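Only one chain comes next, encoded as structure tokens, the form predicted on its own.
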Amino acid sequence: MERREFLQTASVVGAGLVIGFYLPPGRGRMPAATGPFAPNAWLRIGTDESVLVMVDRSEMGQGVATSLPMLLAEELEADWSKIKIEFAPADKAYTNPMFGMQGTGGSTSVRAAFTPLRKAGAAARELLVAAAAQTWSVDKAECRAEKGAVIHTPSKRRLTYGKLAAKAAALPAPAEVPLKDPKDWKILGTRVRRLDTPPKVDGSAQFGIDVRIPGMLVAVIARCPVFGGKVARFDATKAKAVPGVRQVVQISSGVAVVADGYWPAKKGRDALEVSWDEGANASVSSASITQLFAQRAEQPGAVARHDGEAETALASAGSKLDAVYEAPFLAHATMEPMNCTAHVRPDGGGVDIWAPTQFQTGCQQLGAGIGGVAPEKVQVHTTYLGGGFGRRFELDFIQEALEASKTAGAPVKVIWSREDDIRQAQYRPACYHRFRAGVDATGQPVAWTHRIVAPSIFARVFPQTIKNGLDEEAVEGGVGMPYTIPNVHVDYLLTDTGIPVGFWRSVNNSYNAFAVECFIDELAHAAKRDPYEYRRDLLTKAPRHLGVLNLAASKAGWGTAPPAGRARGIAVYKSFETYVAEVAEVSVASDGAVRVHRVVCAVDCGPVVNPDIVEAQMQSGIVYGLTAALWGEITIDKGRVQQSNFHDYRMLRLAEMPHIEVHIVPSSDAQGGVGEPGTPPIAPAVCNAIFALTGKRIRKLPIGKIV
């Protein structure tokens, strides 16, 4: 997209200035703005001096409702106290250029918006300065924008943006927009307070579970406990006898009990008599999946990386190491369970969807299909998300609400219980890794092979991306192994287990980091080398890896004695173009319980928008990954998930939280994301610390108790 193509002539909307955007021909030109909430309006400056920013990514705690407005406000020279936000509707205007659709994930939000939103603010700034110059009949060069106003430098006259909005809107947008030098930033790079904190504190923030609309009914769905199963028959007599139950109808995922509220809907589902055709997965178990993985690992897979001649180098190596690493299915366990409110109006009257979703394009397309209308007649109202972690990129809960509403002829909110969401969702793939390495007489690795056996998320969600059996996303951590080893071979065996898999915070990086960083630790031990120094010597061609590794080790006091009864472990990993190293300080109690006392994190994510948000996301990613490493496990028996709630799918408790230090590397290198990269290194850092303390190598997660 050419820069000048991206800016559209500003137009007057009401009493304010709207800077609109369009996509080039072939990607859907946008209509002219018709109001402050028009899909092409990313910015509106009102006569009340407010600056409205349309946030086109989903806010699930990661801070986009603050970081994205910061990008625009910096170039606009806005008064931050005047900034207001709205969540953008589903529209091609808000296509994530890194996805090709409107959605939030892959730690892309700031990276994708970094230039476009700054240009939006800069264009508005130039128009406002020009409008002020015309008003005063002075040279534009004598005017400057500052904190929500334009100032005529010689005379010190001042006009606020609200007073200039109408005149500025009548001016043509500049062809080229100068962006500020980073040394002149006033908002970017600072710790401005988050815009979403006050509404979350005072209760005005609307999450999906909060949605209430006139005439709304609530549905609870009975789903087959075995993945892939379907309804054989059902008897709704007892369910309909529950006071408040209005309808009992079959939908694609099961049987919907529609009632006046959640409790009668739930009691109706409890009373429902239903028989299931459990299908082909009724005999699947965790044991059978492990056996399947081990059998598949005996076969060569689709080649993902091949440097030199690993097999030849292995055969002639002075010594060899072999290891198998395993990781389980994991649930997302968001604090706000899945929910969606939908209103499918009869006779093509349009569709409204209120949802805590990460995938607006998918919602709109699904609504169009079920509602029998054009996508433009589907309005997606994105609420705040009570956690996402990839789970809310899925459309199952959206589809249920749409189908229930269409059948009931009324707006319907579908609510999943915690048990529903733990047992009947999509999971981080379980996986099996087989490593072989050859080392020379000095302990230096001369060959490295890594075989990854796992289901593929992309084979389910975007099957067209799978070429010759290779899911490139599933192997990225193996392919990106940064250590200088002359002979490397990585291959992949796509293995469907019958258990649905989906995007989970840091996705496949979470398990590839565990396997790669633990196995490199094994090589260091075999070479009788310090694991930090061993990594350092192998990262001479990976300067950003090396930079965070050195910083984390230094800040953690690597090389000095830890407190009595503790040991340290280290890991470094790149994901989503961000480099993170973590040092974990760990103890093991007499009963085998593992306690992580301290985590030191160094992160290089390129230019930083808000240090507070970067730090918070590193902390969040660490605790999310630590919970999974210690206890996270979804097990299967007779095709059924055995866990159901927080009593058997444990979360880290407040009293168990380690002290976390985050150190940000000043960097002008390519920008990376921060929502997910904190998660992958924590499991290997903890496991490596356990080995340093006890001599026990953890090759299978979760860690549980050390016995």
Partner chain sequence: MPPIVLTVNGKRQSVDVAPDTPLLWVLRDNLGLTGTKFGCGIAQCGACTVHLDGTAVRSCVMPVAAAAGKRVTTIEGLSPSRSHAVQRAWIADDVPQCGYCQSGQIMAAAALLAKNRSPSDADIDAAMTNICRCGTYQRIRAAVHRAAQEA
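Nothing here was measured: the structure is a model prediction, and the numbers come from that model. Numbering follows the first chain given and starts at 1.
If you look for the form predicted together with its partner chain, you will not find it shown, but the lines that follow are about it.
- Taken together, the three residues D196, G261 and W416 all come within 4.5 Å of its partner chain in the model of the complex, as judged by their closest heavy atom.
- This chain is displayed alone, yet in the model of the complex one of I457, L523, A333, I221 has a heavy atom within 4.5 Å of its partner chain; that residue is A333.
- Distance criterion of 4.5 Å from any heavy atom to its partner chain in the model of the complex singles out A616 from the list V461, A616, M98, A130.
- Using a 4.5 angstroms threshold between heavy atoms, A294 stays clear of its partner chain in the model of the complex.
- Among residues of the shown chain, D612 is one whose heavy atoms approach its partner chain to within 4.5 Å in the model of the complex.
- Although the partner is absent here, Y483 lies well away from its partner chain in the model of the complex, with no heavy atom inside 4.5 Å.
- M657 belongs to the set of residues with a heavy atom inside 4.5 Å of its partner chain in the model of the complex.
- Only one of 115-123, 416-424, 429-437, 231-239 places residue heavy atoms within 4.5 angstroms of its partner chain in the model of the complex, namely 416-424.
- Residues N645, F646 of 629-646 are found to place at least one heavy atom within 4.5 Å of its partner chain in the model of the complex.
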